[in-house]
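Given next, in structure tokens, is a single chain: the form predicted on its own.
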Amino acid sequence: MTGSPLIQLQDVVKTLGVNRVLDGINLSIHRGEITAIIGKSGSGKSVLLKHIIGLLEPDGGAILFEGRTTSAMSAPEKRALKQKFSYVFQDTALFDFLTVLENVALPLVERRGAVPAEIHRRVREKLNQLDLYDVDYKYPSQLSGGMKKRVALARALVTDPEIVLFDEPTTGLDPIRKNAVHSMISDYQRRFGFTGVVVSHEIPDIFFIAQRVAMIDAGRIRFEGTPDDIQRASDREVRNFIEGLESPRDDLTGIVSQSIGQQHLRQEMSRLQRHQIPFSIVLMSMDNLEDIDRIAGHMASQTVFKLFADHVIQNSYLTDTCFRYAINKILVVLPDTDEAQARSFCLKISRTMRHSALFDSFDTVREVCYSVSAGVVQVQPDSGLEDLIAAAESGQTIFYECRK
């Protein structure tokens, strides 16, 4: 995060009927980041999103874009500002009577002076960039749920917006499809560089792709900070909300949740400090999920990551703790283990993977060089969690690689 916020909400108030939905919202959104908006049902998340894009006007307070209040902008300036935004609806909101090509073209067609040939060129370019081939003349009913999400995103990106807003984009999806959508948002945000705002109830999954998190409660922003910050928050209401939604196991992989994994890590640290019982950590990363995304799609990459997590679990002891640390990382805590033994653990996984049919069911994935890196650290009594992770990441080397 650098420089001044791209968008600021200052003491924003909104009353709908007799309900004061927003009661003095203060929020900063920074350029080039993904900001997640979380909160209880009915807390005003979607109303907040509609204020950001300009679909609703505040009753009080101010909304600033690049330091200028939107209320002080002229009508042409407001129209120009709205063209910097796109909105991805919860249910994709594709029109069933229009083809994929027509759906994606719609935002361009609605703009005055658009030339049909240029519209067609830009739509085809965006479909190709989102790996959507041979679907131009299909209708939404002929597409899978994951493909509909990509078409909706193509429609949102076809105008080359600076800011894309996502309203509950994973509602009703199973774990693999949910994580595929998160992976897609993260992947394309890196590729296209837009600023993303995601309203979500998916905790902790949304923390894997967001750089900033804001929690809305009783019409106010109760917390704003990084995903790490909110998971360490001392505010009891924030803790209760996160713990109330967080499953004890990661939805995608089935391994323990990040918070439980970190709790086990702290317990091992206490044993080390009190009784000098050694332990080590191993941080494993699937390095090229984006290649699988590109060749086989985001659902395939998330399925492959799930299979990899299964493989790590199968080669771990009951006393070991494995948890998902990031969208493509697994952290393993190995009790009563020194660095040499931890490296032997990695070699065991590498050997068994070489004789495994782990990815054989994915013909398209066979074309990818998929690799896994590992960083091993024997923990010292004075180690901090952030220092441990930094040391593991800096020491990562490829321990398994499969070239086809």
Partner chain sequence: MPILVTLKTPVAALGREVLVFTRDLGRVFLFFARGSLLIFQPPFQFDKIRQHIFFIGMKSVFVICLTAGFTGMVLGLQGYYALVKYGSTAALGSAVALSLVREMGPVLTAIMIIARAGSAMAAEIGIMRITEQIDALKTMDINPLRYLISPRIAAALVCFPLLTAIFDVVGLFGGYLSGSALLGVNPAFYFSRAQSSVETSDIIGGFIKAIVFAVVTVTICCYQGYYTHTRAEFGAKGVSISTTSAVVISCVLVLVTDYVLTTFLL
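The term rigid core refers to the maximal set of C-alpha atoms that superpose within 1.5 Å between the two forms. Model, not experiment: these values are computed from the prediction. Residue numbers count along the first chain shown, from 1.
Omitted here: the form predicted in complex with the partner chain. The next part is about that form.
Under a 4.5 angstroms non-hydrogen atom cutoff, the partner chain in the model of the complex has residue 107 among its neighbouring residues. By the criterion of a heavy atom within 4.5 Å, residue 142 is excluded from the residues contacting the partner chain in the model of the complex.
Using a 4.5 angstroms limit between non-hydrogen atoms, residue 50 touches the partner chain in the model of the complex.
Contact check for residue 134: no non-hydrogen atom falls within 4.5 Å of the partner chain in the model of the complex.
Proximity of 83, 87 and 93 to the partner chain in the model of the complex is complete: all three residues have a non-hydrogen atom within 4.5 angstroms.
Put simply, of 98, 307, 277, 73 only one has a heavy atom within 4.5 Å of the partner chain in the model of the complex, and it is 98.
The partner is absent here; in the model of the complex, the one residue of 340, 62, 347, 55 having a heavy atom within 4.5 Å of the partner chain is 55. The stretch that touches the partner chain in the model of the complex, counting heavy atoms within 4.5 Å, is 75 to 83, out of 329 to 337, 294 to 302, 75 to 83, 178 to 186.
The Cα position of residue 317 differs by less than 2 Å between the shown form and the other one after fitting on the rigid core. If you fit the rigid core between the shown form and the other one, you'll see the Cα of residue 92 move by 2 angstroms or more.
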